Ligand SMILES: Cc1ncc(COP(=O)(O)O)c(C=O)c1O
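The chain below stands alone and is given as structure tokens, in the form predicted on its own.
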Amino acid sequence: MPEVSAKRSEFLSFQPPAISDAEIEAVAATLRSGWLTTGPRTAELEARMRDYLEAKHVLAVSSGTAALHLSLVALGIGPGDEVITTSLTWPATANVIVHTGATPVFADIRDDTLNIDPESVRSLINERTKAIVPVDLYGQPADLDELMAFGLPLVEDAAHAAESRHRGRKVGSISDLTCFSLYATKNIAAGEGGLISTNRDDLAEAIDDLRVMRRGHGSTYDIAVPGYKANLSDVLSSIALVQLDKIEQHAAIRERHVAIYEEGIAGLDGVDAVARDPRDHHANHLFVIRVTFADRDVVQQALGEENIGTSIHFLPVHRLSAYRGRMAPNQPPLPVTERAGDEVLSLPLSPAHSDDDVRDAVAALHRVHARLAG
């Protein structure tokens, strides 16, 4: 058990961005260059991410949500189609399916990693199923090989998984389409933005048409499809490029903090870290525990009173108001998802935190456990 120190005097933010003068200087240089919209910085980001992800194509877009949406549109997903995904995710994963006119069907999840369960997916596939959207939850890659074996297009939600590897292969180089987020809390944080990686030329060309809406200049421009305004600006790309420079440094900090958490919660009854598959490389985007020694919401409130910021990843999408009337006729019960949704609690994890910050979070959890357990 760690030394139980006194309550923090200052609030520990859950996941502050790790921004330095380098990002500020990169933005200033971009503004001086005259490029505010998509330009050379975005092209550089795409090129560097192709190398980093070991993928043939990388396309920068305005958000992780846009990445998922354009990927489904590029596959021709539309009304009458079904797309299988997980309910334990941020609603955007399901929202984009609805935006195409298709119907989301939620598979249940594995009880260890909380990723989508391939056996549940198998039971839901029918003639209307046109794609699968797995989520690499918390940075743990989904069971991609098993999911790809079903022969359906895979649109991988890798918003949490920029550094992840699945069985030795880089996430971003495996699925038909892999979608990343550059949101403020992500491991590569530009504030907003997204990336799509693919090895398929046809999908890369389709997405390029969809994100910028036109080809050519002056009186020669044309549009190939009625697309969207979903390109990424050079200002945001300049931030992402600096973050990419720091990705190994930040990954080492996260790994160290995860080790402090794992040691710190060992032996706490009713507190268990979500499992990781040792065959894969976890991106450590979030450190999530399952709380069973007391009501999760009570524990979260108690940690807040200890000046420890936490979050919940996630409330099951199918329980949210927008989806209660949208269930597919073949939607099965989701007992594992619902149980996890009542138990998960995310502890502070950011390269902006110090080791002592994480130790404070662990000590606070011990104090809360001592008060509430039993």
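Since the model is a prediction, treat every value here as computed from it, not as a measurement. All residue numbers refer to positions in the sequence shown, first residue = 1.
Missing here is the form predicted together with the ligand; even so, the following discussion is about that form.
> Does at least one non-hydrogen atom of Leu68 fall within 4.5 angstroms of the ligand in the predicted complex?
Replying inline: Within the cut-off, so yes.
> Gly64: heavy atom within 4.5 Å of the ligand in the predicted complex?
Replying inline: Yes, Gly64 sits close enough to the ligand in the predicted complex that at least one of its heavy atoms falls within 4.5 Å.
>> Even though the partner isn't displayed, in the predicted complex is Ser197 close enough to the ligand, meaning a heavy atom within 4.5 Å?
In response: No, Ser197 is distant from the partner.
> Is there a non-hydrogen atom of Tyr261 within 4.5 angstroms of a non-hydrogen atom of the ligand in the predicted complex?
Replying inline: Although the ligand is absent here, Tyr261 would stay clear of it in the predicted complex, with no heavy atoms inside 4.5 Å.
> So which stretch, 159-167, 244-252, 263-271, 141-149, is the one near the ligand in the predicted complex (non-hydrogen atoms, 4.5 Å)?
Replying inline: Of the options given, it is 159-167.
>> Within 4.5 Å, heavy atoms only, which of Asn284, Asn115, Thr85, Thr89 is in contact with the ligand in the predicted complex?
In response: In short, Thr89.
> in the predicted complex, do Thr100, Pro153 and Tyr228 all put a heavy atom within 4.5 Å of the ligand?
Replying inline: Not one of the three qualifies.
> Hey, which residues along 192-206 are within 4.5 angstroms of the ligand in the predicted complex, non-hydrogen atoms only?
Replying inline: If the 4.5 Å heavy-atom criterion is applied to the ligand in the predicted complex, 192-206 yields only Gly193.
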